[in-house]
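Next up: the same protein chain in two forms, each one alone, written as structure tokens (structure 1, then structure 2).
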Structure 1
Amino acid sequence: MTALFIKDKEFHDFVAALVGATPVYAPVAKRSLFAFERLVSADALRLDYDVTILPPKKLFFPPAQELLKFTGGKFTASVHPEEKVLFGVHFYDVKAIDQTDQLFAEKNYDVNYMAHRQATTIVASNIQKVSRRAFFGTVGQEVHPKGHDAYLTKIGTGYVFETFTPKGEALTKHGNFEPATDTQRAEVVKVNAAVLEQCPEKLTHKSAEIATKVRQAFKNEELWRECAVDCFSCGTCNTVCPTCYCFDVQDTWNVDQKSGSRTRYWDACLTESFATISAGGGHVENFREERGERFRHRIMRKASYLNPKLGGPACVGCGRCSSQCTADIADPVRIINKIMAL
């Protein structure tokens, strides 16, 4: 690992050189919001963003991803990974990518996801502005981000650029960097620690305690009905979540009825159709028919079910679900703190 420093006045040139050398995806403004998009110029980069509309997982696992094309009994894979740099990712989204990496790599190795993931160099960045529903400071504190190749921190009159892999190190050739001083490195630690205290929402207990108490609340049907009473079953909380990874696969046939394509789409466990299965003879069965059951499943998945596998909760505290929920009922902090107080 190396720690380098680049001055503010030279940072723009570094980003411009990077954009000129390789595709760069980074946070850009979308009116009053932000999104990860292909960077067309260094001027469009917004490292002062609070949170993006959709998480950066969309670059490896798009909302609609063609898997293959077929003609008769033959098929052709549609995996065409692009070498690229994902720039300016907040640490909570890196943690989410770490989780998705693990889940898509185990058992049935997902070539489609992993090909795009391995072709990407990730540069994380410090959080300069905290979103209004964030709680990353008090969730999964025992889990640390590890999937990034470099980390950028804004301090004083410039940026400290820490590299962790050869891919991260390779990016430094595009900028006028100098070794970071001990004082600058100490400032990095201070800046990144301070932001954890700035989250407007806070969980009141540790992950292990939460996982146990949430699991114990499984049979409290009155609680889950009450939590979900205003739920529209729209699935927005799933759609914007950086750790949700469920998908549906559909085949589209061309008019010749011999050729077509297979595509996977993001799916959402809060929607009514998610748990509907064929029962034969034209009948169907929905094993999570009630809103409260679907609501419970989401909270169980985020706070308890996956903890043993991931080493912590399947929630990184970005606050996207809370801010995008039309009924304002999806906030995990509000729900979990309520359960912990029972």
Structure 2
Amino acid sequence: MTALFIKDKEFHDFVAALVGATPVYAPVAKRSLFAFERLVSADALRLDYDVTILPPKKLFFPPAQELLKFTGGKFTASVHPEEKVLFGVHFYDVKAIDQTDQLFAEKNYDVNYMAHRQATTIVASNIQKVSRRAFFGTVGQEVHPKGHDAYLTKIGTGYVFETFTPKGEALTKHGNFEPATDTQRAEVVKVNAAVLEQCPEKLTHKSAEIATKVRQAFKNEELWRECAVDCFSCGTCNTVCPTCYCFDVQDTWNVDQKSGSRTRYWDACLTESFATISAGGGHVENFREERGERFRHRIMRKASYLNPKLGGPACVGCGRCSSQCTADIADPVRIINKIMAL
């Protein structure tokens, strides 16, 4: 691991060189919002973003990911990873990527995700602006981000660029870096610690207490029914979540009616049909029929079910579900704090 420093005006050249050398995906402005997109020029980079509309999981696990192509009875896999740099990822999104890395790799190794993930060099960056619903400062504090290859922190007149892997180290050849001083390194620690205190929303309890009490609230039917009374079952909270990775699989034909593809699409456990099976004769069985049941399932997954496996909650405090829920009922902080106060 090395810590280097690059001045503001040379940082621009570094990003330009990177964009010239390899595909770079980074936060760019979408009118008043932000999105991870292919960076076409260094000028488009917006490291002052608060949060992106969709999390960067879309680069490894796109909304529609082809699994195979078929022609008649012949088929071939569709794993075509692109070597790329994912630049400017906030630490909460790195934590989320760490989770999907673990979950797609464990038991049955999912090469469709992992090939894209391994072809990616991740440069994390410090949070320069905190989004209005963020709570990353108080969620899963016991879990630290680990999947990034380098970490960029804006300090004073430039950036400190810390590398953690050979892939991260390899990027430094594109810029005019100098060794970071002890003062600059101390500033990095200060800046990254200070932002944790700036979240507008805060959980009142620690992960372990939350996991236990939320799980115990499972049978509080009235609570879940009330929480979900305004739910449209649209699944936006799932779609924008960096740790959600449920999917549907569908086959589609090409126009020749002989060939086609099998594709997985993001799916959402809040939608009505998510756990529904056909029983024949027009009968269906929906294992989570009520909105409250589906709402509860999501909160259980985020705050309790996966904790033993992940070492912390399956929520990183980005606040995307809170800010993008049409009815504004998805906010985990409100729900969890409410349960903890019962």
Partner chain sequence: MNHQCHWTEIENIFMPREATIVRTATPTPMEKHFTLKMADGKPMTFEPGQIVEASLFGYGEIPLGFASSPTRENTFDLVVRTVGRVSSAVNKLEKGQSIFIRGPLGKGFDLNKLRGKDVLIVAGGIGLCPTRSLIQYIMDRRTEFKRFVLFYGTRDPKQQLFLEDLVAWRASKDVEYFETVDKGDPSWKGNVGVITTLFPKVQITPETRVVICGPPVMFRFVIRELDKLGIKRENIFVDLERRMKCAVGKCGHCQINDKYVCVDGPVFAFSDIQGLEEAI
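Everything quoted here is computed from the prediction, not taken from an experiment. Structure 1's sequence is the ruler for residue numbers, which start at 1. Heads up, when I say rigid core I mean the largest set of C-alphas that superpose within 1.5 Å between the two forms.
- Taken from the form predicted alone, structure 1 is distinct in origin from structure 2.
- A displacement of 2 angstroms or greater separates the C-alpha positions of residue 280 between structure 1 and structure 2, with the rigid core held in common.
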